[in-house]
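A single chain, nothing else alongside it, follows as structure tokens in the form predicted alone.
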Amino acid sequence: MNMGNESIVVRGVSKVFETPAGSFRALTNVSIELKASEFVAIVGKSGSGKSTLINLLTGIDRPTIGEISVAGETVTGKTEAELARWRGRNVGIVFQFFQLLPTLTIAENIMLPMDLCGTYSSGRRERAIELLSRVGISEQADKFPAALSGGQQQRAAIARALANDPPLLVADEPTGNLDSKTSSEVMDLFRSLAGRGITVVIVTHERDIAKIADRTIKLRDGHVESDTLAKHPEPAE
């Protein structure tokens, strides 16, 4: 998919929730542009607006005002049915708790998004095996999730998120349930995916994890407090 110069554009987005106690403003006039192939970490304290922003980027929720476009396509204004179809083909989501279906094998879990969106109709298993090979666990294809370690399940979840070749991969606290070694391996995997042209956005509260990203956006009380490019050392010649 041709994503142009900006994979994601957020313009003047605010989100207000109505509660019994009154209106709660979760985001206020947020504007950011994320380029294709960027590896971005969104950080901030609980209540800063991280989850709200992710829900808006993925079309799970809608902004009160403002506009969001992904890969040149405006997301705001779509109907629920249009959003569901758009999300299935354009966004891969990786959850903290993996969310693999326990009664399906790993390969079947990865084929499920293809079934739902009608993609790769003549080669879904082959596609699943190729994705599992990309994340380093092709030998686990016919096992059930309970037979895999936490790190292997997260790799499988990443493979599933890539099933329909989305331009955007979003991960919500993807290393929250992993040990430090496995967390590092998963983050290296995200970096390699960004190198393949996918825009990778992770939500994390772990500073060491955020430092691995190319760019860190810090939210505070619904505002963008800082937007910083990483200074990774240049590779030795």
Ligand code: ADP
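One-based numbering along the sequence shown. None of these values were measured; they are calculated from a predicted model.
The form predicted in complex with the named molecule exists for this protein as well; it is not shown, and the discussion that follows is about that form.
Candidate stretches 179-187, 39-47, 207-215, 63-71 - the one whose heavy atoms come within 4.5 Å of the named molecule in the predicted bound form: Among the listed stretches, the partner-contacting one is 39-47.
Residue 52: touches the named molecule in the predicted bound form, heavy atom cutoff 4.5 angstroms: Yes, residue 52 lies within 4.5 Å of the named molecule in the predicted bound form.
Distance check, residue 26 to the named molecule in the predicted bound form, heavy atom within 4.5 Å: So residue 26 counts as contacting the named molecule.
Proximity of residue 228 to the named molecule in the predicted bound form, heavy atoms at 4.5 Å: It does not: once the named molecule is placed as it appears in the predicted bound form, residue 228 has no heavy atom within 4.5 Å of it.
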